[in-house]
Each structure stands twice: as structure tokens, then as C-alpha cells.
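First, one chain by itself in C-alpha cells, the form predicted alone.
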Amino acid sequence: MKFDNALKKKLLKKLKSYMNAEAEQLQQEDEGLSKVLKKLKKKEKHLKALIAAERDEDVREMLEQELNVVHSQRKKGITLLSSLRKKVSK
């Protein structure tokens, strides 16, 4: 099967745009996940400050439960982000 030069250039251009689209999508996912992780970190710090200032045991316990949920979400996000970055580096 023979390809002329114009067809080769067209196919290479399509392939290049396809490859860039995938890299761009991975970069957007990375940026979005990073933003979410920063928000979770801020929320975690805020909850820790609230817990330190709270005197009521019941309210403190509720805040600690919320802190545990936020912390576990953040850990999952960090794991996902590191796997995403490994995928990009390959």
C-alpha cells in the first residue's frame, strides 16, 4: 500500500493532535485534582483549629469524625494524583 506525501502529512498531523489531546486531558485532570486536594487540606486545618477550640465533647467528637472523613478523602486523592502523574511520565 502506497501513501503519497500529502496523505502521510495529514495522517501524521491527526496522530499528533490525538497524542496532544490525551496529554492535555491528563494535565487537566492533574490540575483539577490538585485544586481539590488543596481545598481538602485547608478544610482539614480549619477542622483541627475548631477541634482545638471546642469545649463541648459531643461537638468535638462530631468534628473529629468529619476530620477523619476529610483526611481519608485527601489520602485517596493523593494516591490517585500520584498514579496519574506516573501515568503521565511514562
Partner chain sequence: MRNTLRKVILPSIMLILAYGFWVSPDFKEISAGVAIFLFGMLALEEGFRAFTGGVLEKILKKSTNKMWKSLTFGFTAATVMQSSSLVSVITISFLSVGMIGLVEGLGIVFGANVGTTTGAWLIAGFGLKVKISAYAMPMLVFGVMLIFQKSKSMKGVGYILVGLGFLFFGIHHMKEGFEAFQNSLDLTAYAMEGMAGILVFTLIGIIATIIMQSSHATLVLIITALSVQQITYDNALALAIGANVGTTITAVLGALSSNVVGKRLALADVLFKVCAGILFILFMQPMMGLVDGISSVIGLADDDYTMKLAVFHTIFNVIGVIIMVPLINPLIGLVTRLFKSEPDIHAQPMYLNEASLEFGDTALEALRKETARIYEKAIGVIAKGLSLDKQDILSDAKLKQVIKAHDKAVEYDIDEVYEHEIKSLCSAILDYTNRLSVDEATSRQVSRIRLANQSILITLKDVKHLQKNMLLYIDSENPHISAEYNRLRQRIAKVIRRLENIRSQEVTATSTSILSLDALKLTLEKNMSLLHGRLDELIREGHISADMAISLMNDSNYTYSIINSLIQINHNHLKSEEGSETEAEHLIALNREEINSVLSDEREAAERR
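Numbering follows the first chain given and starts at 1. Please read all numbers here as calculations on a predicted model, not as lab measurements.
Only in words, not in the display: the form predicted in complex with its partner chain, which the text now covers.
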query	finding
L33: touches its partner chain in the predicted bound form, heavy atom cutoff 4.5 angstroms	yes
Close approach of L12 to its partner chain in the predicted bound form, 4.5 Å, heavy atom	no
E54 within 4.5 Å of its partner chain in the predicted bound form, heavy atoms	no
Exercise: Q73 in contact with its partner chain in the predicted bound form, heavy atom 4.5 Å	yes
Within 4.5 Å of its partner chain in the predicted bound form, all of L40, Q65 and N68 (non-hydrogen atom)	yes
